[in-house]
Each structure stands twice: as structure tokens, then as C-alpha cells.
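The form predicted alone is given below as one chain in C-alpha cells.
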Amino acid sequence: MEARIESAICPGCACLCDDIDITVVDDRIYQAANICLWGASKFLAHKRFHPKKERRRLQQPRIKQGCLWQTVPYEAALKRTAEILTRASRPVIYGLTNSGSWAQEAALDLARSTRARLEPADLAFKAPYYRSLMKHGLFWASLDVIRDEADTVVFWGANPLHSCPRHVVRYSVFARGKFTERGLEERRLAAVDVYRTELAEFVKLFIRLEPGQEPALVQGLLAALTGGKPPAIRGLRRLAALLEEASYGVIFFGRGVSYGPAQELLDGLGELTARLNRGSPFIFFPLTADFNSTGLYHLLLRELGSPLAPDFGHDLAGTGQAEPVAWSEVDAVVVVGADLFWFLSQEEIDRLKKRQVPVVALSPFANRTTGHAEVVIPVALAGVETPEIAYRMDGLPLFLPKIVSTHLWSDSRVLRELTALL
């Protein structure tokens, strides 16, 4: 039996593109139109950078017994996880940026119940941003407004072609908006990075910096805009002129800023944006890749009043922590909607293994974390095999209906039933 679904929402990245046409045959996705490689990784289970290779789906819960894996029912896997969390004195629930909002709410309840710390996977990227946003009183804009009005776009430590590929087509570079009808021809584009990226091929100005040079460039731009004497950095004066000419501008920054002095740099970019706003509207915008990272921070702000990582081990109010967790203190980890071991250094992985810290992984696909975990719990794909809610990178909440069926539990169900066991 064949069915066609038009204008489906794609959970491939935080753009949440809503123009995907899907063909379903015998309750399996046979074809998907308008998707990028990120979307194909969800709808068709293809690897992002190797689209001819399939991602391996996890089908049954497993528990590690010594060096051997044992396949078990969900109930047994949840029981083992409950035992791990009950014994732990410093548990961490990590990830959730690639989980739907219902799963995020269930994870927050679990963190409260176990007096755990809830650690967003991109805390080092987002926490400094929110602090800068509040410090400088910056305002927000939707992607649609940016598409319609922004005639000046700067990518700072960001490469949308690697994080959210259709962003450049739908919102920032080539998109034709209400007041940018000719798309690329009506936009002034610049990019700043420590590596030469694909953006260099079509932006007006590409500034390649040495690592650690970014704060100096920001301060130099502020000096140039206020009549001071900027340092001798190649491209600085051209970038300052480009920013001054804007009638409506946006600075998109990516995870590249978190690999250096993130708070210093984002404070500087926030100050720069506030200064530019004295002349024309300017937006300071994180280029988020994970499809519901924004939803997680909305939840934390709504429930706890802070975008920082809540730590219920200190008090039940969930004291917000800006710095990423110290893994040397952790004695149990539950990973949901992320691949923790992809981001940890080999030294940190070795230390966790040496200390025999138990890891529980909830994931639709096999990854580095599931290979090191003591308990592996497969979950349904949010927005594909189970309905969910997700927030687009600009904060727009969207309902993602189920497209095909599965025998796998949703991650929200796993987390709720785990909380009920404790």
C-alpha cells in the first residue's frame, strides 16, 4: 500500500524544514523529496557524510554482562537503569538537544527524582550566548523576518553547510524575501573562521583568523565603529564598513566559538551587536544544528527561570550551572538525544572507563556511546516513528506527527517509566 505525505516537517536539524514530500510504501518510507543529507539521516537512515551507507538501527534493549551483551525486554533494561541511578551519588542526564519536548520534560522530571544534573549537549555553546543576550539586552527575530529583511549577514565560527544545509537556501543567503527579492544579489555576506570553509566561495568577505585571535577582531571592530584605532587585522576595516552599511543585519555564530574563550568572545559579539543596533536593527543568532536544542532551553527558562544546566544534587530548585560538568565527579550517566563519546576526548573516555562509571544510552542508532554503554535502550525516531513537539532554532514550536509505525518505545515513554520505578 502506497501513501504520499506532503509538507512534512523534517527533524534533521533545527531548521525543521516544513516542505518535505514523503512516499510511504507498506508502512516504510520509500522516498523523500526536498531533503538534505541531514534529513536523509532521519527519514532514510543514511549516514550524513556517506549517504550510500545505512545507519545501523538498534532494535532491542541490551545489557552488558561482563564482556558479553544480553538482549532483554524493555522492563529489564529499565530495572537495571533504575538500580544504577539509585546507587549513584552524582548522576548526570546528558544530551536532549536531539530529543523532542515531551522527552525533555520527562528527563527534567527524572533529574529531579534522582537529584541529578541535567546537562544539555551544547551547554558550552549556548550558556555563554544566553548570558551575553541578557547582559546586553538584545532582541530576537524569527527566521522569516531575517529572510525578508536582512541585507547583511555575517557567519562567525559557523558553517551552515555542515550544520543545517538548507539554512542558506531558505533563510540566510540565497532565499528571496519580501525586501530581499533578489536573494544573494541583495545581501552583503561575510564569514569569520579559523579555517577556510565552503562559505568562502560565495561571501563578499572571508576573514581567516589564527586560533585565539577572535576577541581581538571583535574589539577592533568596536574600535573602528567608535572612531578608535583598531589593530592591524586583515579584513577588519572592510568588515566594519560592511556592518555599518547594513539596514538590517544578523550575526550567525556557530559551535566554533565554543572551542576558545567562549564567554569572552560572545560577550564581545553581544556588545558589538548592541553597538550596531544604535544605527540599524541587528540580530545576534546561534546557528543551532540539533533539531530541538532551542526547545530544551525554552523548557529550562519556563520551568526554572534559567537557561543554565540545572543541578538538583545541590538543591531541589535546580541551581543553574554555566560551566560544563566535571566528568571526574560523575558516577553514573544517562545519555539521551546525543552521542556523548563523540564529543569527549579520548583521555576523558579512558578515565570514565577506568573508574567504571556506568553509562546508559537511549538512542535510535548505534553510535560511539552505545558501544561503551552498560545499558542500551533503542528508541523510536521523534517526528518519524512517534509524534513529538520541537522548537525551530528561532523558537517557533511545531508539532511533528508520526509518519510510520514501530515496535520501539519513544524516549519520553522510557524516561517516564524509569521515573515511575524510582
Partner chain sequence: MGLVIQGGIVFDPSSNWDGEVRDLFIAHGRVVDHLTEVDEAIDARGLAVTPAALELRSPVAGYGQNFLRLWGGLPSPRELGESYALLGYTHIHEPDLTLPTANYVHRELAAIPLMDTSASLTLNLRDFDIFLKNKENLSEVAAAWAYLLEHCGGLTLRVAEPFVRYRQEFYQHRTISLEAVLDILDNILHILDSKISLEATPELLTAGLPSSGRFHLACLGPALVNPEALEKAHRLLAAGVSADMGLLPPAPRSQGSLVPLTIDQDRFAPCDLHGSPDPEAPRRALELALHCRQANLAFSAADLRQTPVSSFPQLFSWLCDHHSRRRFWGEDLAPCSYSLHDWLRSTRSLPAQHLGLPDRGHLRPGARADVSIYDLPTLSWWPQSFNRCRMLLKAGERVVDNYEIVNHTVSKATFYRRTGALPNHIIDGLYAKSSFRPGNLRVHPNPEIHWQKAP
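Bear in mind that the values here come from a model prediction, so they are computed numbers and not experimental data. Residue numbers count along the first chain shown, from 1.
Form predicted together with the partner chain: not shown, discussed below.
Contact annotation: the partner chain lies within 4.5 Å of heavy atoms from the stretch 139-147 in the predicted complex, the single such stretch among 331-339, 82-90, 139-147, 253-261. Proximity to the partner chain in the predicted complex, defined as a heavy atom within 4.5 Å, singles out one entry of E244, E105, D267, D193, which is E105. Taking R302, R351, R237, H314 one by one, only a single residue has any non-hydrogen atom within 4.5 Å of the partner chain in the predicted complex, and it is R302. Not displayed here, the partner chain is kept clear of W156 by more than 4.5 Å at the level of heavy atoms in the predicted complex. Put simply, V24 is far from the partner chain in the predicted complex: not one heavy atom of it is within 4.5 Å.
The closest heavy atom approach of G371 to the partner chain in the predicted complex falls outside 4.5 Å. Among heavy atoms of R392, some come within 4.5 Å of the partner chain in the predicted complex.
Heavy atoms of no residue among Q59, R117 and A322 are located within 4.5 Å of the partner chain in the predicted complex.
Annotation for 9-31: interface residues with the partner chain in the predicted complex are I9, D18, D19, D21 [heavy atom within 4.5 Å].
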